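Only one chain is given next, in structure tokens, and it is the form predicted on its own.
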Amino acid sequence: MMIALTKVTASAPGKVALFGEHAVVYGHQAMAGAIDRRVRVTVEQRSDDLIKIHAMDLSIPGIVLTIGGLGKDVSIETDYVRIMDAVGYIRKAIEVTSSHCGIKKGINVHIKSEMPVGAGLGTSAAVSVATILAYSTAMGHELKSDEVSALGHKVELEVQGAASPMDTAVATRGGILLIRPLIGKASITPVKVEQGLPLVVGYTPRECGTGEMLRRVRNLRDAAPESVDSILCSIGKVVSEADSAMRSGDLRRVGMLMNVNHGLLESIGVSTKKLNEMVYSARSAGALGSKLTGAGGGGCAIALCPGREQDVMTALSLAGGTAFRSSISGKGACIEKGESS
């Protein structure tokens, strides 16, 4: 047991799925990297058992809501019903951590994000992981990295109904990770890259959330199991080739494999017209490769474009996206600040 702190700020990075999204849910490997944009969660102890969540910059209208103690119903005085999707991860992270550590105390939670919620950049995993780390630390419990990652995965499973361990592993550890799902526990291996990955990210509002996209793929697989399983298996093979290309620094091959991965994802219906427009505009502007990243249904596309970043950003903007440069970050979840009474 650590000494409990009255106020703790923790942060966790967002992520880009470089290869293997959706296939990883069905036991195939995937590769993802932490990016240099983060979510920060500040937890402050209260004298009662209320949980008050302040979510002011999650690309949704700012709100303050009060939960009447752990396990009790939420009373909301707002017209913005969709806010519950964003705060669901926060609430579940507190419940899961409380159960794991055997603690039940009232807190104020303040969330600040450098990424839009639901963009396919792993914001829900970053929120979950940072909340778990801040809350447990504030209560005087020091959790190991694997515990934080496992609890974050549990949060995503309970909120979404299905989830791979990829996003929460990246949010916890940082860097680029190769994730191999195994029965009971995933195998997670850092990927050492010989040179940096100059990425441009393009964002367009999502038409469907992660849970809905996972359900659609599951329904398609139920309807055509052999065909869909063959596609998912092919995605897993692309990940293996990308791992080799990444480690040898062959960015041209990495880009080509990104294009192949996007085509396979498009074949199972998770891309959209807007995402495709950004993906193909990036390639026309000189990107070595581009693909959607995350669950799809809108959200983000990534482009690997050494020396052509500005051209690709312009192309993505003309295609109707919001574009920004990004880089892979080796910094995972961490405590940024703690205060004691």
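Position 1 is the first residue in the sequence shown; the rest follow in order. All values derive from a computational prediction rather than experimental measurement.
Just so it is clear, the following notes concern the form predicted together with a small molecule, a form of the same protein that is not shown.
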- Item | Contact segment among 329 to 337, 5 to 13, 315 to 323, 20 to 28, judged by heavy atoms lying within 4.5 Å of the small molecule in the predicted complex | 20 to 28
- Query: If you check in the predicted complex, is Leu257 within 4.5 Å of the small molecule, heavy atoms only?
  - Reply: no
- Message: How about Gly294 - does it come within 4.5 Å of the small molecule in the predicted complex, if we only consider non-hydrogen atoms?
- Response: yes
- Exercise: Met166 in contact with the small molecule in the predicted complex, heavy atom 4.5 Å: yes
- Counting only non-hydrogen atoms and a 4.5 angstroms cut-off, does Leu214 reach the small molecule in the predicted complex? yes
- Message: Using a 4.5 Å heavy atom cut-off, which residue among Val201, Leu121, Ile94, Val155 comes into contact with the small molecule in the predicted complex?
- Response: Leu121
- Query: Between the options Ser136, Thr210, Ser271, Ser113, which residue brings a heavy atom to within 4.5 Å of the small molecule in the predicted complex?
  - Reply: Thr210
